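Given next, in structure tokens, is a single chain: the form predicted on its own.
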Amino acid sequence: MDTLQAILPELVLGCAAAFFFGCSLFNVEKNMHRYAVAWAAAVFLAAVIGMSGQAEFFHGAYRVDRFSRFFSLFITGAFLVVMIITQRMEDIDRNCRADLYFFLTVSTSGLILVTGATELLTLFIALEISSYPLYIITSYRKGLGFQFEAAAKYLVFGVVSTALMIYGISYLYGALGSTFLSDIVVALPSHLYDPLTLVGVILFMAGLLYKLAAFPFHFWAPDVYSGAAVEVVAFAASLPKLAAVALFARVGGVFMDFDVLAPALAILAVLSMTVGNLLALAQTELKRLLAYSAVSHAGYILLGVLAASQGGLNSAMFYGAVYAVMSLAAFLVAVQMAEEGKNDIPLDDLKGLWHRAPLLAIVFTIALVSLAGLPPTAGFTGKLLLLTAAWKAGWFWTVVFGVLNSLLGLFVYLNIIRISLVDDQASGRPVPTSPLLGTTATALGLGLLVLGVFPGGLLTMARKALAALLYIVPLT
């Protein structure tokens, strides 16, 4: 019974995937959204029930502990929000919706497997399970637009990152004699100056940076965000980022003893923040702007990895969870603003949002203020924790760039707030909001405010999750 409780989220996700696969086979179209929300709610409930579960599978290659359950809770919660905001899906054919839900469920299953993998090949397989469904559904959009180009670029970049990662794993196995993280931790100190090990670490970390959309592995993000349906982008912008943070927390902390790796990550963190904000300033379309915003926020998360010895991983986990909430809140509004047949969401389409949908305008403003890192939102608290940890770890120049980039980001997000709240557009269409969507939007907005003022609960959860890492506290 304890084992079943430990893997309850995975089991429910498997049942959900089988259900949607059956709906796809028999062309079930009616009430698909209700089924999707019901299954997502069941998955989230399963994650809550399984929070205290502990178990090991496949000779320790997959581990259920507080660390993996911490991320599974937020991944399944984000999955539920994504399912709720797929209510309209005007840009996706009705007969493809069962397929879409199936692929989203399979991808979510892969992401949860990522958080529990303690062996590099298991981790690699889990990443592929989570990635390939996204390559497919990126093209799920009406019309012959550039969604196919976006899907092709996503696939090509994904395959390249996959090749880098598996090549790095082969080098690490050749140098260290094992792919288990517990063995790597023991063997690594005596191989810190081994070129074969260093090359393996660099190649493996390059694959992780692609998943995080950090510079210079971010080129896929703007085209994918712009070309795919908004609902698909809402998923790709939030859930994989949580898994990427889990990867860096579990694996990045192991490899940070290399002298050359930390300075390289510091440079990439600063470049991600700077390039992301500068390119976001030049955007006039919401989805591409949020793509470059994701690049800049990846830089802040890398600061937490740099400051692992000073509580940086704890701060990165907090910020990863907060970023998922911020991103989902922003895309919830973007889904409502997207018009059928239009590839883009120009910023001018946000004019008069305050008059057309006051609730959405308020939630959108809270999300943007949080992305900008202003108090009293969770984005401010998360950035403060990350910058403080980096300062304590001695990375003073990265903190200076982090503060400067926060100021630069203000121009990006405050401009959107000005357009949506101040600029008026009398001819703008009203934006209807269902009770379920309104409740979800309210919960996301309040969550950002509450976590900004009272971050202690989430930080405590993250701290306990970190204590359960395989190379810190083994299961007995």
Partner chain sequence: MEPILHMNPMGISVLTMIIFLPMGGALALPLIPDDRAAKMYSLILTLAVLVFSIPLYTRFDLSLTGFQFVEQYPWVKSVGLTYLLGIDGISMPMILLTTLFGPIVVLCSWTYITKRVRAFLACLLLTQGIMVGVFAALDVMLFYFFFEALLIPMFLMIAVWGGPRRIYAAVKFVLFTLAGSIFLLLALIGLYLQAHTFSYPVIMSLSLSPQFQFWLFLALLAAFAVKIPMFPVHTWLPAAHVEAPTAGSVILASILLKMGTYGLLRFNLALAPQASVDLAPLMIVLSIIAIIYGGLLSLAQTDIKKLIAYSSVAHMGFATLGIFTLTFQGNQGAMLQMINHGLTTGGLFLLAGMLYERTHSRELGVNAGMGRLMPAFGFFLGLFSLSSLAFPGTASFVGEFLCLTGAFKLDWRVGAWAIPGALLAAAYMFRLFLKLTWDAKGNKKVARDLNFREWICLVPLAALIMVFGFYPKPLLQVMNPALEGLLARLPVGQGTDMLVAVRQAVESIVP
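Numbering follows the first chain given and starts at 1. In this text, all values refer to a predicted model and were calculated from it rather than measured experimentally.
Just so you know, the form predicted in complex with its partner chain exists too; it's not on screen, but the next bit is about it.
Q: Please pick out the stretch from 24 to 32, 432 to 440, 404 to 412, 59 to 67 that is in contact with its partner chain in the model of the complex, where contact means heavy atoms within 4.5 Å.
A: Contact-bearing stretch, as computed: 404 to 412.
Q: Are all three residues H191, A234 and A262 in contact with its partner chain in the model of the complex, where contact means a non-hydrogen atom within 4.5 Å?
A: No, the candidate spot makes no contact with its partner chain.
Q: Using the partner position in the model of the complex, report whether L73 sits within 4.5 Å of its partner chain, counting heavy atoms only.
A: So L73 does not count as contacting its partner chain.
Q: Any chance Q87 has a heavy atom within 4.5 Å of its partner chain in the model of the complex?
A: Close contact is absent here: in the model of the complex, Q87 is far from its partner chain, nothing within 4.5 Å, heavy atoms only.
Q: Would you check, heavy atoms only and a 4.5 Å threshold, whether A17 touches its partner chain in the model of the complex?
A: No, no contact at 4.5 Å.
Q: L374: heavy atom within 4.5 Å of its partner chain in the model of the complex?
A: Yes.
Q: So which of Y135, F124, W354, F157 reaches within 4.5 angstroms of its partner chain in the model of the complex, heavy atom to heavy atom?
A: Contact with its partner chain in the model of the complex is made by W354 alone.
Q: Taking its partner chain in the model of the complex as the reference, which of V254, L384, A175, A266 has a non-hydrogen atom within 4.5 Å?
A: Result of the distance check: L384.
Q: Looking at its partner chain in the model of the complex, which residues in 437 to 467 have at least one heavy atom within 4.5 Å of it?
A: The stretch touches the partner through G452, V453, F454, P455, G456, L459, R463.
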